[in-house]
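So this first bit is one chain, no partners, the form predicted alone, shown in structure tokens.
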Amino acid sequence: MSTTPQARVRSLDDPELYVETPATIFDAIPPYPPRTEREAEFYSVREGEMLINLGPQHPSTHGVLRVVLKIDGERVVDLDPVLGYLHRGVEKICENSDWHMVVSHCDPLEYIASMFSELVPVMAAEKLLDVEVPRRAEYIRVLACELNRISSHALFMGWLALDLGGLTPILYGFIERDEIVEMLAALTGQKLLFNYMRIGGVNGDLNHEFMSRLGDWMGHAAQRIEDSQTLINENEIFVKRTRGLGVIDRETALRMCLSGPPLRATGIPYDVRRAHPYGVYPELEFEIPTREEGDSYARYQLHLDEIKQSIHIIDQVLHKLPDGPVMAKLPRLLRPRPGRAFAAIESPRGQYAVYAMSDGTDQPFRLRIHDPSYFNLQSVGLLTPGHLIADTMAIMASLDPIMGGVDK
């Protein structure tokens, strides 16, 4: 029997192992041949050009987004967004869960405004079940969603200014957001992923703490929005850095399937709450603000206009809120009839939709999610070329993407 010690097999994960050409996420050029004509065109660098990575760790990418920039000096020539660093297969997870659990799985997709990512699968399930939601629950849904919309837009304004080098607006944005989140926590028990929407209604009626906080907030909400608007609108650096930046025309916006503020900033008044009414929105009066310029400054101003409209909607809901139950009577185990349903709402970022199929069991047979951030983000490749590297941050921030839904 030999006593010679066997040679230790070195793992590729061994930190002592030297690799001549390591392939990491920091390599701008992929370690494989081009797979498409677009990839071959993008990664062929001419004289004076170079490729640089932006992300996926960069905080200004608004999530785990990696962008490869082709630059000539300080100016962006082309751009390639590289997705997939956050992928969790949420749609397939939902298809292996019962209808009640789908709500909590969809919660993290729109983690800044999770009320909306909860509401859409719930509405799709209600269509399959032919459930009539109590009117009080419908009003509470609108109230919760509009509050969540304001908190999301408040953070958007702060992020946009922060990506341009301004620190003060993000502090004011978080003050507004924290006040609303504390209010929603009194209603739902949670501050980020609320898990409040239910098939057939909502998880709990309005309580005294929530109404007390809401009354205090309504007393100064309009004035605080005016203060934030004055702080940013009168800043010469912010205006010059955003006006005329990342312009998109209405024809291109329609062709790229944009929705939400990026689409309405081109003058198209498309809002799901008016185009395809749901809930009790047909009973409420509000305007669909639009802008014509289609640039980053117009998208910012549009968010301010929408905050004012949301406050107007909340005021009407509080005056019209009826009495009654907040949940329909449903069995614990839900088995919708075989069929398919499509539900769409207007989230802070645009049209958020779910296409659900039922095969008669207690689990969705198919569940597909239409996230507006995914479609809005694809326009970055059109908006960025010709601008400076520093402008890339402002353009992406003006689209307000949330990577939870992009990398679902």
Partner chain sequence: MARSPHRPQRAGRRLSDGRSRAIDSALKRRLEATLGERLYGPVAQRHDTTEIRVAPGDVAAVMRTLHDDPDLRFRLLADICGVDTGTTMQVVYHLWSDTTPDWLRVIAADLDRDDPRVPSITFLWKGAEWGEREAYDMFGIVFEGNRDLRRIYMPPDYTSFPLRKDFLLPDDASRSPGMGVRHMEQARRPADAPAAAPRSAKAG
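Note that the structure is a prediction, hence the values are computed from the model and not measured. Numbering follows the first chain given and starts at 1.
There is another form of the same protein, the form predicted together with its partner chain; it is not shown, and what comes next is about it.
- In the model of the complex, none of the heavy atoms of Val64 sits within 4.5 Å of a heavy atom of its partner chain.
- Remark: Asn96 counts among the residues lining its partner chain in the model of the complex, judged by a heavy atom distance of 4.5 Å or less.
- Using a 4.5 Å cutoff between non-hydrogen atoms, Glu234 does not count as a contact of its partner chain in the model of the complex.
- Its partner chain in the model of the complex is approached by Leu333, whose closest heavy atom lies within 4.5 angstroms of it.
- The partner is not drawn, yet in the model of the complex one stretch among 300 to 308, 130 to 138, 208 to 216, 187 to 195 has residues with heavy atoms inside 4.5 Å of its partner chain: 130 to 138.
- Interface residue among Cys257, Leu284, Val77, Leu318, judged by heavy atoms within 4.5 Å of its partner chain in the model of the complex: Cys257.
- With the partner omitted here, the residue from Met327, Ile225, Val181, Ile288 that has a non-hydrogen atom within 4.5 angstroms of its partner chain in the model of the complex is Met327.
- The candidate spot formed by Ser151, His220 and Val247 lies out of contact with its partner chain in the model of the complex, as no residue has a heavy atom within 4.5 Å of it.
- Taking its partner chain as it sits in the model of the complex, the stretch 365 to 381 comes within 4.5 angstroms of it through a non-hydrogen atom at Phe365, Arg366, Arg368, His370, Tyr374, Phe375, Leu377, Gln378.
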